[in-house]
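Form predicted alone, single chain, as structure tokens, below.
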Amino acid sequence: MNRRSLILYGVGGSIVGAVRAEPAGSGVTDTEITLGMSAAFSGPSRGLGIELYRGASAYFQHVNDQGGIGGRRIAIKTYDDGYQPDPSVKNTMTLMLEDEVFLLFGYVGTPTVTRVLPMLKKFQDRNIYLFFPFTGAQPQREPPYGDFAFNLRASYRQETAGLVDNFVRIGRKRIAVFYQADAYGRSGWAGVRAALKRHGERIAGEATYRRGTKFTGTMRRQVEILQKAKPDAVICIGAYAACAAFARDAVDLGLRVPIANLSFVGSENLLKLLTEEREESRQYTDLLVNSQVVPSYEAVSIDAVREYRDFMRHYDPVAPAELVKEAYSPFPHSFVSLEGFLDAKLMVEILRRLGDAPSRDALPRAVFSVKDYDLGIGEQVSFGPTRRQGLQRVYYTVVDEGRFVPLDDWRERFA
């Protein structure tokens, strides 16, 4: 492989050294580092890709305004996959083989990521890694594909275990599951089952839905299936449109038990669907509890949250106009955009650790050098060859006065 030499000049023009730079077509030039992203910018889950991109973009814009990384600006080559596996695979091939990006960043969803991981293994000689996908599933955390991805967020196993443990602790042991009929849904389903097994319990009932279901669709059949199981609580593993439809129909059909959602759901979009143009919206939200993998964006005592809010206000980032072809109103703040912001912040730190001559084969070493790094959220980040997930903490939120706020007392709220 032919590589370019980057000549370093000292005062007066004297040559003080030379370093090896990546070859042309590596995603790195003298002025730019290009990342590749395939995410949902269309369809009923488009809010997830749009908000994740907006949060990351706010931080990257700030870094670029400060001169970039070693004089190189960060660029994101972005494609829409609509939260569907086949377009995600096609986009990834384009990013790797035609655009030749430096790395992959910010993918959205388990069904897409699980199809992309085998490609990274197949083309492992190119040293293409996936950073911080918006999914808590296991395939990118364990063999045979864990070597090709790095995760920041807590896993679905941790989220489902926390929800189950808290429900069981307050006496709600009959837990049913509503889940998306694909790799994402089964990942969450497996997490719930494993957590219940530790308590000597089984899943009380289960119902599925097809990925891509819209809020306007009916969930009557799924609600009726779970009503027969007489659950004490329902844990949902899905995206916001379908989960909002389920919560709506559950209330309308008399299934009045706590309904929990994982962080992937997109809390603000879920809440908007359940409350928009509804006079009695509180009845649809008073029994919701959503797990999160980042702290509340209302917690302005947290350094990174204040930084996030400042950057979102200052840069007011928008998704690429050519990708957003359906109406969408972004949120000033959201859990998803805060996660994207933190993803970008850590990504920048790793890129900086590559030094003046960033190369793909040096990426794992740079990641593994991250030990007890302070992202500014009160939880330090560490990586290692057997530790490919930076954060471990799970947060819990409920709706109060039309917004998600931290849940302080499970027993008082749901017992």
Partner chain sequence: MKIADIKVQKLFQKTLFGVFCLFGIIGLSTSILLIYTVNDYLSEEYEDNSKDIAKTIADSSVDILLNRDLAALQSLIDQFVEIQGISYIYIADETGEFLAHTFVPGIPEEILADDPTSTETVERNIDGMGDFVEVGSPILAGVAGTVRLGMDTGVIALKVQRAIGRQLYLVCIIFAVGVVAALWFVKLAANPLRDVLAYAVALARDEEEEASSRSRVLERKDEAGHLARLFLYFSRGEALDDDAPPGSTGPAA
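The structure displayed is predicted, hence computed values, not measured ones. Positions refer to the first chain, counted from 1.
Here the subject shifts to the form predicted in complex with the partner chain, a form of this protein not shown in this document.
Within this chain, S337 is remote from the site of the partner chain in the predicted complex, having no heavy atom within 4.5 Å.
When the partner chain is considered in the predicted complex, T208 lines it closely, a heavy atom lying within 4.5 Å. Contact check for D182: a heavy atom falls within 4.5 Å of the partner chain in the predicted complex. Though the partner is left out of this view, R256 does not reach within 4.5 Å of the partner chain in the predicted complex, counting heavy atoms only. Between the options K325, K121, R221, R313, the residue in contact with the partner chain in the predicted complex by a heavy atom within 4.5 angstroms is R221. Between the partner chain and the residues R73, R126, K272, R193, the one pair within 4.5 Å by heavy atoms in the predicted complex involves R193. Stretch-level contact check against the partner chain in the predicted complex with heavy atoms at 4.5 Å: of 314 to 322, 112 to 120, 168 to 176, 75 to 83, the positive one is 112 to 120.
Residues of 116 to 142 placing a heavy atom within 4.5 Å of the partner chain in the predicted complex, in sequence order: Q138, P139, E142.
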